[in-house]
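One chain comes next, on its own, written as structure tokens: the form predicted on its own.
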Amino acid sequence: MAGLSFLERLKAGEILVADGATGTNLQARGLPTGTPTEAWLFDRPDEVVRLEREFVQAGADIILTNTFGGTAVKLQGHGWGERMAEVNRRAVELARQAVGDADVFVAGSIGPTGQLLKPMGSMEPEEAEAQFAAQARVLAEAGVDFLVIETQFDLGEATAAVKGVRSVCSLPLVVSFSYDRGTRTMMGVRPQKMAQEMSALDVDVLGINCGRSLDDNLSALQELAASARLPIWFKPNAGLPKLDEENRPIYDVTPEMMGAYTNTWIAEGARIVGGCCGTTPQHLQAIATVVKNR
């Protein structure tokens, strides 16, 4: 279906393959613990391109930009707040370099700000909207195909993110929550409630990413599918990590195990499948092989 847009391919009934993890893979390749992945956009751009290219070669239809922590307020925690535009533009440039001439979408990743909204925290909803709007504007102008607001846990922040994005662009928009308490987010949000609230906004795809075990994420997917009237994006972790002697996360879900779950995810309603933390290019290849051979 070359030449069709992201939403056109979904409307045509295609199952799409999203990429795997950025953070855990770059850490396995030498990114120091605690260093933002965005640092390697400048320090080790070759490694960012190599990872994204490996996902393309593994069968990904979608590559996310290395901008999960790309709002100015999030970058400010690392002393990079004034480089927000530069960071996001560079990430899109490298993703396009990795994709090359392949028929693969580049999606702009937008993660949480790292701040809680009032009254739980100190950030005003309007400030959150402004932060998300600024990042989304740069990503859109740099040429992404669509945007993914991901790893959300709070309905207030996710709403601010959608409003911020929609104030600056009309690109297709995915909103994905992380159910790291099984079938609840850390703020207690269930998939059914997420579907109800997010579907009332100008959103094109609802999603689940990160979270806990494959079984927990499957339960969250089943609940979301029972409530959602929009296509579903699904990128679970490769299980739960254990720490090695150097406090690096080790994921024990094998590529074969991820591949064995893929048809079940699709049968339960997922239209875009991939993996989050711990998902290597080998894991993604196992997923893509199942999808492409359906």
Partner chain sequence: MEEVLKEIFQSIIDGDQKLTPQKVQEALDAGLEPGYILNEGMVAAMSEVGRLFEEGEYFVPEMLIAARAMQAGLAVLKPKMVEANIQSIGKVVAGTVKGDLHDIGKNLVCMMLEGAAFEIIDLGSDVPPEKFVEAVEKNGANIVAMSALLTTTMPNMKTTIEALKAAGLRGKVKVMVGGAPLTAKYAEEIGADGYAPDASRAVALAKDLVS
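This is a predicted model, so every value here is computed, not measured. Residue numbers count along the first chain shown, from 1.
One more form of this protein, predicted together with its partner chain, exists but is not displayed; see below.
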{"property": "Contact at G23, T24 and G143 by its partner chain in the predicted bound form, all three, heavy atom at most 4.5 Å", "result": "no"}
{"property": "Location of its partner chain contact in the predicted bound form, chosen stretch of 61 to 69, 242 to 250, 225 to 233, 43 to 51 [non-hydrogen atom, 4.5 Å]", "result": "242 to 250"}
{"property": "Selected contact from V168, M187, A102, L201, since only one has a non-hydrogen atom within 4.5 angstroms of its partner chain in the predicted bound form", "result": "M187"}
{"property": "Among the candidates K163, R181, R137, K193, the residue which, in the predicted bound form, approaches its partner chain to within 4.5 Å (heavy atoms)", "result": "R181"}
{"property": "L116, heavy atom within 4.5 angstroms of its partner chain in the predicted bound form", "result": "yes"}
{"property": "In the predicted bound form, G30 touching its partner chain (heavy atom, 4.5 Å)", "result": "no"}
